[in-house]
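Okay, so here's just one chain, in C-alpha cells, the form predicted alone.
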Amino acid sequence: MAKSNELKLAVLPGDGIGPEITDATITVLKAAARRTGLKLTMKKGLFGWDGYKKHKTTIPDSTIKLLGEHEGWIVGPTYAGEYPKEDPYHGHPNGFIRKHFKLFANVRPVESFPQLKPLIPDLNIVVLRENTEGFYPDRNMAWGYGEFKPTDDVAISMRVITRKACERFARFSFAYAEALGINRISVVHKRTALQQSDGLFVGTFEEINKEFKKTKLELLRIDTFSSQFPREPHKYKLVATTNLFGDILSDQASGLAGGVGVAPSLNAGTDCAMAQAVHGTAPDIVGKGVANPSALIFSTALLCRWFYLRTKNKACLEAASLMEKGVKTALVNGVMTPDLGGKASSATFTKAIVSAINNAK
C-alpha cells in the first residue's frame, strides 16, 4: 500500500456469478472511497475458467505476477473440481493461491441479521482457520497431490501439520484477539485421536500463549465444541482451528446465523491478503441479475480493515465501516435479493447500499 491515501488492489472476478458480485462490490467500494477520500487503483486479471480458456491454466503466469505486485486482492468464487483434468492446479486454483502466497489465516466473522430469520438471532463469532495445510490434498505437498489410490479399492489422504505453519497461525490468532479486544481463544482440535498432528497444533498454541499472557487459552475437542456451540452460542467469541475443522465450523456458524450468502472471508498472510466470499459460483442464477454481493462486499470491508491494521490509514477503516453499514441499512429497509427472501435485483440492492453510504452521517 502506498504511503498516501491510495489503496491498490488486484481484482479477479472468477466464475459463475463471480463477475456480477465483483462488479457490485467495486461499485460499493468506490462509493465508500469517495466519502472517505480514499484513492483507489484496481487492476483485473484472469482467473478460473476464463484463464483456462485462454492459457490452458486456471491461474495464468500473468495473474500470479499481478497478485505479486499488489498487497490486497478482491477475488470472486471459482468452480470446485469442475475444470479439465489437464489444469495444472488440479481444479483448485484458490488452494494454490493460498499456499503459494502463504495466506495462512482464514478469517470468518459470523453475525446474525434479524431480517434473515436466523436460528440464533444474536450470534456473533469469529472463526480463524489455518489455511495452508491440514487434510487438503491440493496444498499439503511440495510436489504432487496429497491424496492417491495405490489400488482401485484403496484410497489414502495425507494430513500435514508443521510447526512453522502452527506458529505463524497461533501468533496471528493471539494478535487478532488483542485487536478485537477479546481475552479468550477457543482452540478446537481432536488431539485424543490425532495425537501427533493435532498434538503439534495445540502444543504450539500453548507455547505461543506465553507471549500473550493477557489472553486465556481454552482447549476444546471438535466433537465437544460441535455439540455445545448450538446450545451455548454466546459462550464463544473467537475460535481457532485447523483447516478442515475450520471450514466446517465456519459454515455451521453461518448456517445458524442465516446462511453463507452474507458470510465474509479474508485470507491473510504476513504481506498480502485476499477478500473472497464463502459461497460458490451459483451457476443456476448466472446472468439473471439476482446474485447477492453481500458476502464479497463484507469480505472487501475486512480487507480494508486489514490494511488499516497494517498502515493505520483511517480512510481504510472508515471505508470498511461505511460498506458494512450500507449493506445492513439496505437489509433493514427490506431491500434484499431473492436468496435472502426479497425481490430486489442485484442492481437494485447495490443501488440501495450506495445510497445508504452516500447518506450516512
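Here the structure is a predicted model, which is why all the values come from computation and not from measurement. All residue numbers are counted from 1 along the displayed sequence.
Below, we turn to the form predicted in complex with adenosine-5'-triphosphate, even though it does not appear here.
- Checked against adenosine-5'-triphosphate in the predicted complex, the residues E211, E86, D284, D152 give one hit for a heavy atom within 4.5 Å, which is D284.
- With the partner left out here, adenosine-5'-triphosphate still marks one of 109 to 117, 274 to 282, 233 to 241, 213 to 221 in the predicted complex; by a 4.5 Å heavy atom cut-off that stretch is 274 to 282.
- adenosine-5'-triphosphate in the predicted complex comes within 4.5 Å of no heavy atom belonging to D23.
- adenosine-5'-triphosphate in the predicted complex is not approached by L12, whose heavy atoms all lie more than 4.5 angstroms from it.
- Contact between N292 and adenosine-5'-triphosphate in the predicted complex is found at the 4.5 Å heavy atom cutoff.
- Contact check for I353: every heavy atom lies farther than 4.5 Å from adenosine-5'-triphosphate in the predicted complex.
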